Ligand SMILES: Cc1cc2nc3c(=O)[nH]c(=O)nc-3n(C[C@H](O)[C@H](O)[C@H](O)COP(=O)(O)O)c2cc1C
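Next comes just one chain, in structure tokens: the form predicted alone.
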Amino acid sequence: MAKLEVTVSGIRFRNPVLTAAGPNVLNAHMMLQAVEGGVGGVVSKTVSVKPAHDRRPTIRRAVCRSMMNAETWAEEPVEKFLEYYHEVKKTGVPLIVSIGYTPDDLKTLGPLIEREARPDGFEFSTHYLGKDVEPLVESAKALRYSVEAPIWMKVSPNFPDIQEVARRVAPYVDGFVATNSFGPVLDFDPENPEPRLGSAYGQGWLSGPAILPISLRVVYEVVSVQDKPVIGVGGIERGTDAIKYFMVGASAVAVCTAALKHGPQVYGKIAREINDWLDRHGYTSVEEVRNLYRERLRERRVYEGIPVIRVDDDLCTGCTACVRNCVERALYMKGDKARVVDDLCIGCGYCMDFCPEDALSLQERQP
């Protein structure tokens, strides 16, 4: 059985699946449910100096099995959350307290929470700090010089230069969390075109499977330019989603939307699926699959010109999936085997995603 225990920023987690800061950890009850559901560590909902006031509705369904939300930070004061933190600490599961936003806010909240609750670490949110690097650096410095516990910066996918942010902030943090929800976005029902959320013009933030490719890219970029650990967040619903994050360099993952959709037992389910995948593929720990994508990137074949699809007749079963999904209609059936019109094929590779037998490959085009 694979070893699921991971250590991130000196904090030991029983498995690499954490809660992500959001409405899934709204209060002590929900955080304790997450513990019972098998989570490896609890990251609490973000608190700030003043409670938020979110106009309802705040959470609606979105494209691709995802969610659109107009949640901001906690609507209860930090004094109430101190009670919640104490309840979570009793479980023995590591507690990471999420706080925001300005340097002054962090200098006020960090020492207070560290003194009263002794969390295992802090996460600071950058969701409302804009897109310039300097305010992010100042917030990181403010918290770094105010607390002793490890601190993680939560990265917004909207930053125009993710690598520059990571490089500039890395000296002041112990890790990164990537990413926050994406947005703002807008959606509505054309049969009833009213705003679906209570925010200013019905806009919200997208989370869930729709943002997984965005977050994977951000994790890869952050890992590429600095040595601090990264916790991957965004669209994780299954163990294989988490495995993708490990392969681009994440040391752990965190889950929010899947817990809102499926309940707190999803944390343990994802952890078990990670374990099962590692066992099936002969790995003994999460660490063994970290950065595999980077290795394959270095090894990948680079084509000199535009390649062309080739069909392995020994593997082709004549299912016609490639023919039906060819972007340029360059594939056709000849008898019970697929064939390619070279002049039409643009070498895009899309058809390979539909072949159940792995009978298609890209090859150099012959002169």
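Since this is a predicted model, take the numbers as computed values, not measurements. For every residue, the number given is its place in the sequence shown, counted from 1.
Below, we turn to the form predicted in complex with the named molecule, even though it does not appear here.
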| query | finding |
| --- | --- |
| In the model of the complex, the residue from I96, L106, V255, V222 that sits within 4.5 Å of the named molecule by heavy atoms | V255 |
| Heavy atom within 4.5 Å of the named molecule in the model of the complex - the one residue of L292, V137, L82, L260 that qualifies | L260 |
| Candidate stretches 165 to 173, 87 to 95, 272 to 280, 226 to 234 - the one whose heavy atoms come within 4.5 Å of the named molecule in the model of the complex | 226 to 234 |
| Heavy atom of S48 within 4.5 Å of the named molecule in the model of the complex | no |
| 4.5 Å heavy atom contact, P23 to the named molecule in the model of the complex | yes |
| Non-hydrogen atom contact K154 with the named molecule in the model of the complex at 4.5 angstroms | yes |
| Partner contact for S199 in the model of the complex: the named molecule, 4.5 angstroms, heavy atom | no |
| Within 58 to 72, the residues that have a heavy atom no more than 4.5 Å from the named molecule in the model of the complex | I59, N69, E71, T72 |
